[in-house]
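There is one chain below, alone, in structure tokens, taken in the form predicted on its own.
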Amino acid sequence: MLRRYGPKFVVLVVLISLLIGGIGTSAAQGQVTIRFFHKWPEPEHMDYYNWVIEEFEKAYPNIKIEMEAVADEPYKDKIRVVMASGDVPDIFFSWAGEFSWKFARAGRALPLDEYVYGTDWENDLIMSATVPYQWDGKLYGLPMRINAKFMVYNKEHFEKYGLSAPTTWDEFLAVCATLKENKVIPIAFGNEFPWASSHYVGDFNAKLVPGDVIAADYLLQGEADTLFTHPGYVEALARFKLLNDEGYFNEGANALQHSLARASFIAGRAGMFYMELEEFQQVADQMGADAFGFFPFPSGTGGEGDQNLLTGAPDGFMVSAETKHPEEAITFLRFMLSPERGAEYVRMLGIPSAVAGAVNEETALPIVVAGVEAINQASGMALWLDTDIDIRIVEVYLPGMQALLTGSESPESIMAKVHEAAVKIQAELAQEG
């Protein structure tokens, strides 16, 4: 058909086609894809992130967000595989403390200081929640939410047996004994994944061991022969063991998931449950916001640590140092960690956001607001033990906690193995220079 119009027309058509193709190619090249990897695949969380992404892509049509999510335990393994492969997502979730610091030390995370400090964004974030993401004077992560662990209690059981929120370790044990005497499981506990026991032991450690000793041990910066040898570590495990030996935990804790233990508490079978603030909304939805109360776990009475600490940490995101699109990655994070999205995060999920002012009487239940106030009144946060120490020590420590509940390990034997592992790892790090 084209031949009837002659060669000049053919050339013109070809030029126009090339021009149109070039325009299409340029448009495609202007599209940026940001890979976003996190640990919340649950439907309610995905609803929130899908909403954020949809709103973001409307506002920034040249940026596409490609999201992947896997659950808590699998995430720990997958992020290590991803890092080893070199195919690192532009934005990835990381727990605060040592879990994030190892990425900073290895040069795998982008320093974020210039994007935050001295900008309007600094006013939008709870800046104290950024501290656990700082390493060697630089900021490597941004907090998405704040969280802490509290002992919650069934008000009906406490009223029935004349109990009140304990403020010392001895008072806590007395509450446990009363509940047990009245055929109520004192504490619902699921330890199939032993991060649950590490939250107990980490809280004991923080309150039984001096803070400077913990810092030196956790960071492997102390003298080799003193690493993890303070008697408070053994006492921490002994107190944890006592709760099990006295029958204050439900039977078969090592075979029970945390979520099933929570369900037992909600059903009224247990008097107490050691629970994260982010779980308050879920429990309130199922048993009523007025059916339970909370108190800081008085785990370390008589210890050398800080009794006003709370176990917990912010959760947040890091940006890959290898990203080809740092500006676009930061643009997405700033969009997500804005007052509007922070407030909606609290409304949709009932989880405290790290955005300043996001948790208030309009967005959250009174008990959640009270939990945030308790965090603000605490002297500081003892970060989650399983993400605050070297993973190679975690792999010794946590199985030991499970073995402690079965009676196959003692507090002394566990800490001897932890000490041995710490000394070995410290020497290896020194050789690596």
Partner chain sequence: MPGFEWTRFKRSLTPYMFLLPALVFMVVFIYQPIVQSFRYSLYKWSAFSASESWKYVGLDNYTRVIEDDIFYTSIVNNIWYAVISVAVQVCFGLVLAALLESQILPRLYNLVFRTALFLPSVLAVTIVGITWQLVYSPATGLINQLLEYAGLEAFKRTWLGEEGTAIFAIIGVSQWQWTGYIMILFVVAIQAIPHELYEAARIDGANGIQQFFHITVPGVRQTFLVMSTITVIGAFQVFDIVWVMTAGGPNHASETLGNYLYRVGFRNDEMGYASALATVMFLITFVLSFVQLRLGGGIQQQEAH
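Residue numbers count along the first chain shown, from 1. Note that the coordinates shown come from a computational prediction; the quantities given were computed from them, not determined experimentally.
What comes next is about the form predicted in complex with its partner chain, which is not displayed.
The closest non-hydrogen atom of residue 399 lies within 4.5 Å of its partner chain in the predicted complex.
Though the partner is left out of this view, residue 101 does not reach within 4.5 Å of its partner chain in the predicted complex, counting heavy atoms only. Its partner chain is not shown here, and in the predicted complex it never comes within 4.5 Å of any heavy atom of residue 363.
Proximity of residue 122 to its partner chain in the predicted complex: non-hydrogen atoms within 4.5 Å are absent; the residue sits far from the partner. Using a 4.5 Å heavy atom cutoff, none of 151, 155 and 347 lies near its partner chain in the predicted complex. Here the chain stands alone, but in the predicted complex its contact with its partner chain, taken as any heavy atom within 4.5 Å, falls in 102 to 110 among 102 to 110, 124 to 132, 224 to 232, 309 to 317. With the partner omitted here, the residue from 391, 378, 32, 369 that has a non-hydrogen atom within 4.5 angstroms of its partner chain in the predicted complex is 391. Proximity to its partner chain in the predicted complex, taken as a non-hydrogen atom within 4.5 angstroms, holds for one residue of 192, 171, 245, 285, which is 192. Shown without its partner, the chain has 73, 76, 77, 80, 81 in segment 65 to 81 as residues with a non-hydrogen atom within 4.5 angstroms of its partner chain in the predicted complex.
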